[in-house]
Each structure stands twice: as structure tokens, then as C-alpha cells.
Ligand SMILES: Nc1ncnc2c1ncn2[C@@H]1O[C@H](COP(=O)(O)OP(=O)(O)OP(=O)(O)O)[C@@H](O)[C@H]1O
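Below, in C-alpha cells: the form predicted on its own, a single chain.
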């Protein structure tokens, strides 16, 4: 009896022309648990050579790549799977048990809203794949529908509910959906009943804080929808009009599992991530940008900085991988963390100056002195940047973040 699953074909939207091509084929040996990926002969014969995962799936024709993690699913394919929110919707729609293999979620999630530039299907040739997302004019209805889904209530708009259930492809734990506003695609995330503070407002102010401080953060817009419901809209970095951008998570770059156990967490490291960016061709400035992002997370107390909340994307103009804009940067709203989830230097997580500069050369600095000078200038920019965005916060959040800023600047300053 055969133990090989039916092939799942992987499609890629070419970064140069926007055409869809079959980039490879995936099969799972259910007996051994080994997943196998091979670049498609047609992809090779067409003279195409983009690697969909430059760390774990380098472009090597005529080779079967075995997946070492995620029960036999390759890292970049796991990136294309939904996380908690999307999985919950798929479980409801298809009666899937919580123990279902990641492959089931990959196959059942809709291609229209999938992260990155990949799509999947059972046909050898890619079917037409188009975004079918609500326009911004439907924002209020979309928010009401997301909240109804989160609270297990009946549909507010039956056709919109069906569309959202069909396109349950996005990651993260919060209810979310994509809207199109002209050529831009935005993630929409509303305040939910379990939030202890106004998380959408906090995320918006924090992302804007990073931007006004001169860091590469995804743009955001804050709304009050319906009966004053707080909503944040976050620009997707993996979309450029109708073009989808190849993307890979920090977890895939680090070759680690997220979520994972203690052995996996030991490899969650900013310096290692900087080295992986350099290894796949990103310039030195991206390592410095990651260092600045690490400092920002320490200053604001964002300890949800796990490796799936970092990413790289392929720049077709430069023809190389670059660090993606920062996203999901949200300070811990309840406790003031003394450490981050990712290592700031080898084996160390504490929010402390010596911890931050100890491995600075791994980010691209010439020496620790150079890093300290950069850090001092960055702290000034972050302090001044906060003054520009503090007015976005309500009184409670403003007081909380002002105290946190004072405390953490004290830890990181000379």
C-alpha cells in the first residue's frame, strides 16, 4: 500500500513579470513522516532560478529536499500556512481536528490571501489566482463580521462571512482580514473583548513611533469603526499592487520551529538572524537596521518579538533578499518585561546595555565602540520620536509608555 500523499504543486508569482509558474512539487511520505520538495522540471527548463527559501531550499535542480521540521512540511510552506486565527476558521469550516497535520491547513487555506508569493494546488499548471478582498469602503461591515466570527455569532453579512472563511490564510492569533485601498493591501485588526487595553491604538502608535524615529516600520492607520470600535490597519509588505512579494519568516531563516520547545528557543537570536540575512545576500545596512529594531523592542518592552514576527522579502529591483519592514511591534500591555524573547547577544535576553552591544560586530558594526556611538544616537531619536506620537495614545497608555521609556532608557544609556 502506497504511503506517498498526492502531490501538492507549489506556484510562484514571478517577481519580474508577475506571471504565475509552477515552481515545485511537494509530497508527504505518511509512513516515515518525511516531506519532499523538488523544483519543477518546467521551472528549470524555462531558465528560472529563484529560490523560494534561500536557506532551506536553495535552487538545486533534480534534488529532493527533506523537511526537517513541522512534521515534514518545509519551512517556507509552513510560512504560507495560517496560524491561530486562520486555523480556527479552517477547523470550523472543515471540521478539522486541532491535531491535524500542517499540510491540511496549507492545502485548505485559500490562495487569494496567502502570505508571500506562493500558492498551492492539485493541478500541475497554476490556476488563475486573484485577490478577492473587500474594498476599504466595506471597512465597518468587515470589522463587525470579524468580531462576530471571533465571538461565534451568526453572520452580519453572509456573503462577506463566506469570503472570509474561504480565504483563511493569514497568520497570527488576532482576528484579521485584508482590504484593498487602491493599489495598497492592508491588514485590518479590531479591538477584541479579551484586550486589557486598546491594543489596536497601541500598535498604531508604536509603529508610527518607529517610523518617525527613522526606522523601517510598516505603515499603519487607526480607525474608529461602527460604535467607536478601535481598529488598526497595517500595510502589507508582501503586496505591491497586484504583485505578491516573495517572503520568508525569521523562523525559516534561523532554521527553527515556532512555536517550539526550549531547544528551539535556544536558536532565537538577533545576532544569528543578522548573520543569516548577510548569508542570503542582504547588505550590511540590513544588519544595522535589525540592531536598531532590537533596541526599539527593548525600549518599548515588546517581548512578543519571536522569530515569526521578523521576515525578509525579495526585492526584484535589487535582485536580492532584504530585511522586511517591522510589523506586529506591540509593547507588552500588562507587565513591564525585563527581557525579550529573542537573544540580544549570545545566550542573553536581558534589557541591558552590555547585553545589547556585546555581539554588535555580528550585526555589521566594526567594533563595540562604533555600536555604542550608534546606540547613543538611536536612543536620542527614540526619545524624540516618542514625543511626536505620544498624543496618539489615550491617557492611560500614555502614562504607561512614558514610564516604560524612562525606565528602559535608564537601562540602555551610558
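Remember, predicted model here, so these are calculated numbers, not experimental data. Numbering follows the first chain given and starts at 1.
Only in words, not in the display: the form predicted together with the named molecule, which the text now covers.
Only one of 233-241, 261-269, 144-152, 104-112 places residue heavy atoms within 4.5 angstroms of the named molecule in the model of the complex, namely 233-241. Every member of the trio 170, 174 and 308 reaches the named molecule in the model of the complex with some non-hydrogen atom inside 4.5 Å. For the options 293, 74, 204, 189, the one in contact with the named molecule in the model of the complex, meaning a heavy atom within 4.5 Å, is 189. Among the residues 218, 160, 120, 179, the one placing a heavy atom within 4.5 Å of the named molecule in the model of the complex is 218. Of the heavy atoms in residue 275, none are within 4.5 Å of the named molecule in the model of the complex. When the named molecule is considered in the model of the complex, residue 195 lies well away from it, no heavy atom lying within 4.5 Å. Not displayed here, the named molecule is approached by residue 328 to within 4.5 Å at the level of heavy atoms in the model of the complex. When the named molecule is considered in the model of the complex, residue 304 lines it closely, a heavy atom lying within 4.5 Å.
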